[in-house]
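Let's start with one chain on its own, the form predicted on its own, as C-alpha cells.
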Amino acid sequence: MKQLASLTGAASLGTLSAVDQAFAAELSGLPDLVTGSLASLRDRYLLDPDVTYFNHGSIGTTPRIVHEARAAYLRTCETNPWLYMWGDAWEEPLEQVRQKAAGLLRCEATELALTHNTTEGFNTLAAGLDLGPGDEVLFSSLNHPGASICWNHYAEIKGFQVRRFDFPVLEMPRLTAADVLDAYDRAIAPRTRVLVFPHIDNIVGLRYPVKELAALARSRGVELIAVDGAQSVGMIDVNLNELGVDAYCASPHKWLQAPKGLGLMYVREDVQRQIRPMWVTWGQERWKGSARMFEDYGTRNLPEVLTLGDAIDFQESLGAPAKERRYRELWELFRAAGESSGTVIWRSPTDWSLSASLYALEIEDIPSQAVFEHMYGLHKFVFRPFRTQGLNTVRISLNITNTEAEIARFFELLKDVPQH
C-alpha cells in the first residue's frame, strides 16, 4: 500500500505541477504595475463590465488566472477524491501554501493556521482561552462584529466580562496616532486581560499604530493582544515579527483576492499552549507544538487552500510598494473630488499614515442607504452604506484596478441623487 501510495502520489504531483506551470506562464504575462496599463490589468478579472466595484472591503474580486487555477485543482481532485482528500499527494503543496502565507505575514509557518475566515479565528480565541470571573476583554466601537460577538457569547458561559468603549469616530478626520493611543490608554483597566482591535477598521478605514498600541497595552498589564487583520492583509505591509501581538486573524477573500471561505490565523508560538482548540479530530498529537492544531477539521476543501498560494503569488507579482502607491493615489483623488464637490463630508483620517484604501463619505442631507439604492439601482455602483455611531456614510474601498474615470463618474452621478 505504501508503494502504491508513493506511485499515485508522484503521478498526482505531476498533475499539480502542470497546473502550477500554466499559472506561472500566465502570471509572467501580467502588466507591470509601475509601467503597465491598469486597464489591461482590469481585463484579467471576471467583473461584469457594467458594474463599477467600490466594495473590495466587503468581498474581493478573484483574478481570472487564480479562478482558473482553482477550477483545475477541483477537477484534479475529482479524478480521484480518495487520493487527493485523504492521501499524502497534496501534503507537500499544502505546506508550501502555508510557507507562502507565513512569508507574506513575516512569521513562522508553525505559527499559522489555515482557517475559513477572520470570524473563525476569533471564535477559536474566545472559546479556547482560559478566561473566567475577574477577567475582562476590551474592544472599541470600531471593532467588526466578527471579532466581537464571540466574546459576548463565551462570557455568558465562562463568566468573564466584556467591555466595549465608544471610539471618537466623529472626530476621525482630526485624530492623530497619539490620540488613538490615548483613547485606548484611558480605556484599559487593571482587570483588562485581553485587548482586541482591528489593524484597519471596516467603517472609516483607520490604520491603527499596532506596534505602539501593543507596547502600550503590555505596559498596562494586558496579557493577550488580538488583532483583526481582515482589512489589512493584501492591502498594506504586515510584519508580525515586529508588531508584538499574540494573535492576528485575516480573511484572504478581501484584499488578497483569494477564493471565498479561506482564513489565516496567526498565534504566537509561546501563546499557543494557552488556547484549547475549538474542535478536534485525529490530529492533535500530530500537530502539537504548531498552530495546525487549530485547523484539525477532518475533511475540508483542499483545492481552495491550494489556490490561496496562487492568490498570494498574484498579489506579490504586482509588488507591495507599487500597490500601496496606487492605493494612496486613489485615496488622494477621492478625497480631493469630495472636497471640491461642496456636498461631501470626509469622515475618515486625513493623514495617509493613519489611512487605507477604505474611507467613509457623508453625502449631506441624504441617507446613505438612499445613496446606495440610487447609485446601484440606476448605475451599478457597488459600495457599502453605513448608519452607525452617529455616522451617515457610504464606505468606499478601491482596489488598484479602479480608475480615475470611475471616480469622476461617481461624483458626477452623485449630483442626481434625489434629496430626502
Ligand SMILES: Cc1ncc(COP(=O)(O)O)c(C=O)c1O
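In this text the structure is predicted, and so the values were computed from the model without any measurement. A residue's number is simply how far along the shown sequence it sits, counting from 1.
Form predicted together with this ligand: not shown, discussed below.
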- Message: Quick check on this chain: which one of T119, N301, Q257, S140 has a heavy atom within 4.5 Å of this ligand in the predicted complex?
- Response: T119
- Note on the structure: Checked T307, Q231, T124, Q315 for heavy atoms within 4.5 Å of this ligand in the predicted complex; positive is Q231
- Task: Find out whether any non-hydrogen atom of H253 is located within 4.5 angstroms of this ligand in the predicted complex, and reply yes or no.
- Result: yes
- Does the 4.5 Å heavy atom contact test between G57 and this ligand in the predicted complex come out positive? yes
- Interface membership of N202, this ligand in the predicted complex, 4.5 Å heavy atom rule: yes
- Indicate whether H144 is a 4.5 Å heavy atom neighbour of this ligand in the predicted complex. yes
- Item | Segment that reaches this ligand in the predicted complex - one of 83-91, 222-230, 272-280, 151-159, heavy atoms within 4.5 Å | 222-230
